[in-house]
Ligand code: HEC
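Next comes just one chain, in structure tokens: the form predicted on its own.
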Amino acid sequence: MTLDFKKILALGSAIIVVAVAAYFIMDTGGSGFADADNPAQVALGKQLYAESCASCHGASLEGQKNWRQPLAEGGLPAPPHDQSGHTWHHPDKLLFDYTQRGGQAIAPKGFKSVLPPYN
């Protein structure tokens, strides 16, 4: 089975958008789960991603250059959220927690994360 690049990119985009929307819904007393088939959640996720995530992760999910190379001050640049990154390897719960609490709150011992908590 071969996967089409555009389908992978669309699926990855939908997952990130819905994850951001789901976090917002959970944080405001909503249902606590994401629904990629819910146009309102997807629209909200797109808006929140554009406002809070795209400045580092890119409007097209491309991430920052050399995202695997440590920064001088420690940590790593923002990874891409498309198929070239690693986000899609992680369970949604981890991504929600990572986004909500910030990377350092759940980073492994000895790893510096520069991802701020979502407020």
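Source: prediction; values computed, not measured. Residue numbers here begin at 1 and follow the sequence given.
Although it is not shown, the form predicted in complex with ligand HEC is what the next lines describe.
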Residue contact check: S55 to ligand HEC in the predicted complex, 4.5 Å heavy atom: yes
Can you check whether L76 is within 4.5 Å of ligand HEC in the predicted complex, heavy atom basis? yes
4.5 Å heavy atom contact, N38 and ligand HEC in the predicted complex: no
Hey, in the predicted complex, is K93 touching ligand HEC, heavy atoms inside 4.5 Å? no
Quick one: name the residues from 83 to 104 with any non-hydrogen atom within 4.5 angstroms of ligand HEC in the predicted complex. H86, T87, H90, L95, Y98, T99, G103
